[in-house]
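Presented below, as structure tokens, is a lone chain in the form predicted on its own.
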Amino acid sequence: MPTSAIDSLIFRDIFGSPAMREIWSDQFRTQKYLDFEAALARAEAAVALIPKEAADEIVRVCKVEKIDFDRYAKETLTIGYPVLGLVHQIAQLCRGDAGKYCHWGATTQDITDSGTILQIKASFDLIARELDRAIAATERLVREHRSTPMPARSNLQQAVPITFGFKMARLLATLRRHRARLIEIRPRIEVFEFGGAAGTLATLGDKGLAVQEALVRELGLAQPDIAWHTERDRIAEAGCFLGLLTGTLAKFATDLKLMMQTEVGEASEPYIANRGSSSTMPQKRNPISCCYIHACAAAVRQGVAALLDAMVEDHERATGPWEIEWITLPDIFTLAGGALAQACFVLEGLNVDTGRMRANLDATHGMIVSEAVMMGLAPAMGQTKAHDILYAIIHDPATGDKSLEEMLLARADVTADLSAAEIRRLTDPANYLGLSEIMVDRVLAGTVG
């Protein structure tokens, strides 16, 4: 019976996806162990370390459907590691004496780590595809809203005008950096482990490196420069990447949650009947995907911390930290994939209310562009004096519902330096977008890092 959210019949497709769960399932992991054992047999036969007939027989039986999982589970519980019980079954399934050549010169961690790397590789393939989906959807929003004005916010207060395209272009640039990071880190992470008991390959004599070189061709993974049984930076780096990626997704989700507030209403998750509805308040549309993204990202961050802790391993083979990875990796990859899937859903169907964006810009009656007026006055009276005048005008209790334009026109010290037409131009938020559109174009063109 499932006991975690990622395996729950109720929650599993909220916090993960079938494809990612399959990669981190017992069946998939066990098949990757078997794939390594088969690849090892072929590699060792290629350098005449074991008979080719034995290698062929080992390859024949290395199929997950041939494994008795009840027996495998019991042996793993007794032994404490998930490889020797599997090797026992492979050897017994082999015809003749081929089984004695199974796992030749290897150690448990060689198979476990290499299987984990194969799982990470498959997971990264899936994440790369989903990340491209997110990038494509974000780019569409950037292009569509390149010039759509809206308020920027600082400390949850209106700051100055920007465009929604500018806001989304920042997300687009960040997602592209994550894609570049993923491309850059994969060759460093996707490296198999094969070193024997303490990493020296002593059991294979002078053929150890030749076997490693053959394994490169068999596994599609890179050859290690030296054993990494207790050097866990590759695994930790994979986790840190997921932490960065989900952190970005959670930042986007946080912004959207705030934009979905009734009083703001500038954007919202895609509408699906009953999605995000309340059991007692029919009017509500809760930011449900954003909530899931936030929760997934928070759990991933905790998992990343655990992986960093797992780096602190003793000597050449460790006593405990390694097993942290077994617990943590399935969770954080599944949750990261779940967050990314939720983000793709939101981005591909995001509802944008440009009218509310404009209404919110106008809500302060021009106060949002007080900086523009300050800079308009600065050449004549200096920025500090201009700031003080604007501050006094805006925070005067007698201001009432007057617009900034009206208050400025009533000040002789302002109209002495600015004409009515200039005041009208400066107090229109749409005229104070800075380089928003130019920066959007730079992101879309991909001309800067």
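Treat the numbers as computed from the prediction; the structure is a model and nothing was measured. Numbers for residues come from their place in the sequence shown, where the first is 1.
There is another form of this protein, the form predicted in complex with a further copy of the same chain, and it is not shown here; the text below is about that form.
S.K.: Which among 133 to 141, 104 to 112, 346 to 354, 120 to 128 is in contact with a further copy of the same chain in the model of the complex, heavy atoms within 4.5 angstroms?
M.R.: In the other structure, the partner sits against 104 to 112.
S.K.: Taking 149, 216 and 399 as the candidate spot, are all three within 4.5 angstroms of a further copy of the same chain in the model of the complex by heavy atoms?
M.R.: Checked in the model of the complex: no contact with a further copy of the same chain for any of the three.
S.K.: Does any part of residue 167 reach within 4.5 Å of a further copy of the same chain in the model of the complex? Heavy atoms only, please.
M.R.: Within the cut-off, so yes.
S.K.: I'd like to know whether residue 174 contacts a further copy of the same chain in the model of the complex, with contact meaning heavy atoms within 4.5 angstroms.
M.R.: Because a heavy atom of residue 174 falls inside 4.5 Å of a further copy of the same chain in the model of the complex, the answer is yes.
S.K.: Could you tell me if residue 309 has a non-hydrogen atom within 4.5 Å of a further copy of the same chain in the model of the complex?
M.R.: Yes, residue 309 sits close enough to a further copy of the same chain in the model of the complex that at least one of its heavy atoms falls within 4.5 Å.
S.K.: Could you tell me if residue 285 has a non-hydrogen atom within 4.5 Å of a further copy of the same chain in the model of the complex?
M.R.: Contact with a further copy of the same chain, yes.
S.K.: Would you give me the residues of 296 to 310 that have any heavy atom within 4.5 Å of a further copy of the same chain in the model of the complex, in order from first to last?
M.R.: If the 4.5 Å heavy-atom criterion is applied to a further copy of the same chain in the model of the complex, 296 to 310 yields 296, 298, 299, 301, 302, 304, 305, 306, 308, 309.
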